[in-house]
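Below you will find one chain, with nothing else, as C-alpha cells; this is the form predicted alone, and questions on how it binds or moves follow later.
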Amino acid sequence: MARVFSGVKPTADVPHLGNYIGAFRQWVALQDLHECIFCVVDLHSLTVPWDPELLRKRSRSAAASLIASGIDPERSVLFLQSEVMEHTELTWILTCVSRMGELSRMTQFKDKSRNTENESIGTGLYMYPVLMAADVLVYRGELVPVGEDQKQHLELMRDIAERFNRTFGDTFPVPDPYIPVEGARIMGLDDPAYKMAKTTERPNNLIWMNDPPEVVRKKILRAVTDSGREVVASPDKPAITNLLSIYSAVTARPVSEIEQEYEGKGYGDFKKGLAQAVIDFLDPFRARYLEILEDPGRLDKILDTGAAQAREMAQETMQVVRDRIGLRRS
C-alpha cells in the first residue's frame, strides 16, 4: 500500500459538484487501496487576506464535507493542517533548499500576480508551493492526487525531495502523481471553456454540494447549450458534452446510454432529467453534512484523533530531518 496525501483548502463552506467528481470521489476510492492522509490545509488560506472567524468556520465545514463525501476517519487520517506544527517547520527547511528561479516559474504565481506590483504581492503566495511540498514530504507521502493545474507544483515537490536526498542522504520518497482519467475536469454551467471554480463570482457557474433542490434545478435549466438540439457528446458541442459528463458521473451510467435515452427529445427534456439526477445524487451528502455539523463534539473528536495520528508520523520524519541537517546536538 502506498501512502497517499491530499488536502482541501477551506475557501468555501462546501465543495462544488466539480470538486466532488474530480477529487473527493477519487479520494474515497483510494481508501480501499492505500494508506490515506487527508488534510484541511487551512495554512494555505493565509496566502490572501482572510477573515479569522470565516476561516475557522470553513475549516470545520471542509472537514465535515470530506466525511459526508465518504472519507472514513476509521480508515484514513483526517485533520487540520495548522494543528500539526511540523508542516511549518519542514516548510522553512525546504525553503532553504529551494531556488527563487524555480519558484518564480510557477504558473499559478505568475497568473495570480499578473498586473500587480511586486511590493503588494504577499510572500505567502510566492512560497505556497514549498508549503505544499512540506505537506506531503513530512508524511513521506508516495502518491499525491492532483489536478492538471497542480502538476507543476508536484514537479517542484519532486525536485525539492531529490535535491534534499542528494545533499543530506536518502530521506524522502519522491512522490508520484495520481491523476484520474475520467471526470477530472467538470466545466462551468455558464461557460464550458472554464472549470467550475469556488472563487467565481458567477453563481450560475457551479452547483454547490449543499444547494437546495430548487436551486439545483434552476441552475441546470439555465445552463448554456450548443446550437442544434441533439443530445450528443462531440468536440463541437462542448456545453452538452459537459452536461453529459455530469449526468454520467452522478448516475454511474455511460454517456452513450444517456445519449440513447434522449435521442430525438431535445435539450429541454435532457436538462429536466439531469436536474433530477443531480438532486437525487446530492441528497445523501446534504443530509450527512448537516448531521455532522449538528454534532460539533463528535467532529472535534475526529479532528483531535486525526491530528494526533498525523503528529506522530510527522514527528518521526522530523527527527530524521533534524539529525541529517545538523539541528541535533548529537
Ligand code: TRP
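Keep in mind that what you see is a predicted model, and the values were worked out from it rather than measured. Numbers for residues come from their place in the sequence shown, where the first is 1.
The form predicted in complex with ligand TRP is left out here; the points below concern that form.
Contact with ligand TRP in the model of the complex, judged as any non-hydrogen atom within 4.5 angstroms, is confined among 185-193, 220-228, 167-175, 136-144 to 136-144. Three-residue candidate spot F5, V41 and Q150; every residue lies within 4.5 angstroms of ligand TRP in the model of the complex by at least one non-hydrogen atom.
Among residues of the shown chain, F109 is not one whose heavy atoms approach ligand TRP to within 4.5 Å in the model of the complex. For M127, no non-hydrogen atom is located within 4.5 Å of ligand TRP in the model of the complex, even though that partner is not displayed.
Contact between M132 and ligand TRP in the model of the complex is found at the 4.5 Å heavy atom cutoff.
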